[in-house]
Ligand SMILES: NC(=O)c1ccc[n+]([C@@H]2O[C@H](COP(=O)([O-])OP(=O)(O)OC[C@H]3O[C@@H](n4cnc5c(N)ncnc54)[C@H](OP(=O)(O)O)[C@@H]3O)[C@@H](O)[C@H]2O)c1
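Just one chain is shown here, as structure tokens, and it is the form predicted on its own.
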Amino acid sequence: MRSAKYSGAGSASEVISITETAVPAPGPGEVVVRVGAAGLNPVDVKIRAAATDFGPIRYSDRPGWDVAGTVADVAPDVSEWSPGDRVFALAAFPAAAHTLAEFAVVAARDLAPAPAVWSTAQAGAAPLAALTAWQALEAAAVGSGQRVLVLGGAGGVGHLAIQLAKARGAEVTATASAAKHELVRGWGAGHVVDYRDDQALAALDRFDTVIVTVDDTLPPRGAVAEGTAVISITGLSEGDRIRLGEWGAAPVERILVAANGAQLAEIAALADAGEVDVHLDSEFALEELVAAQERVETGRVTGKVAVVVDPSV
């Protein structure tokens, strides 16, 4: 089968190749998925560039975590999945998973039925970002009537966080560049602020929850008050954590997404109910993985980038 491979640290054009390798077999509790599409995320390009573990996230020269496709084979002890089932998953994260290939081994517990209303490219692009958004909202216990601010509302995690918060009954405000405001409103944000408009940012008042999806970004002062939950997916400096604590934020938390098939199944149900959609910035073939990673590295992706491995799946 075709499989992406890294040769070491370096730029995408220097280290990425598509090689031939053996089709994997499932071990206990595992399923082999015929890969239709896989998503790319900022962590993919960061870990490729360094060729080393990224904190608890394990580096592998065979990349990929997001996956969507059909079940090709199952281990004898797996009864919940059968060949032909249409599935998607965040496989093994933060351990290595090797999903940028024509076939991938995935733990049965990490799989969920793919949304019927999503294309395979959308399903492949969604898992890491969708679960990150879901788990961030869970960490803040977001519920009906709460006010939520999403910093980076046009990004992969941000555009899904808006929709998932809206599905929970929250009132959502988001930041985005002016050119993307109409899109962000379409995803359910009742108010959108240009992230470069200091006056508009300063005018924001207290939110129940702030979801930070952008590197090196501190929430606007007015958005944080006693009891505001600040959840970051990118990490906060110690100085920022101290400042947020002085402002009264509680909790101030950084989350690392974890694979979770049950949560993905809940997201799929919301998708099929018309409450969550995946915006695809662009689609690339597996052989175009260099260009796909270079697109992610621009930092200007709207929604998600998908790598289509097999258009027939």
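Computed from a prediction, not measured in an experiment: that's the story for all the values here. A residue's number is simply how far along the shown sequence it sits, counting from 1.
From this point on, the text means the form predicted together with this ligand, which you will not see here.
Open item on the list: Please identify the residue among 165, 97, 121, 128 with any heavy atom within 4.5 Å of this ligand in the model of the complex.
Closed with: Checking each option against this ligand in the model of the complex, the one that comes within 4.5 Å is 128.
Task: in the model of the complex, the one of 49, 249, 43, 280 near this ligand [non-hydrogen atom within 4.5 angstroms] - done: After the contact test, the surviving option is 43.
Task: Any non-hydrogen atom of residue 152 within 4.5 angstroms of this ligand in the model of the complex - done: So residue 152 counts as contacting this ligand.
- [ ] Indicate whether this ligand has at least one heavy atom within 4.5 Å of a heavy atom of residue 81 in the model of the complex.
- [x] Result no; residue 81 lies far from this ligand in the model of the complex.
Open item on the list: Residue-level question: is residue 195 within 4.5 Å of this ligand in the model of the complex, judged on heavy atoms?
Closed with: Residue 195 belongs to the contact set for this ligand.
Open item on the list: With a cut-off of 4.5 Å between heavy atoms, is residue 267 one of the residues that contacts this ligand in the model of the complex?
Closed with: Outside the cut-off, so no.
Open item on the list: Which is the contacting stretch out of 137-145, 206-214, 67-75, 99-107, given heavy atoms within 4.5 Å of this ligand in the model of the complex?
Closed with: Result for this chain: 206-214.
Task: Heavy atom within 4.5 Å of this ligand in the model of the complex - qualifying residues of 154-170 - done: Residues within 4.5 Å: 154, 155, 156, 157, 158.
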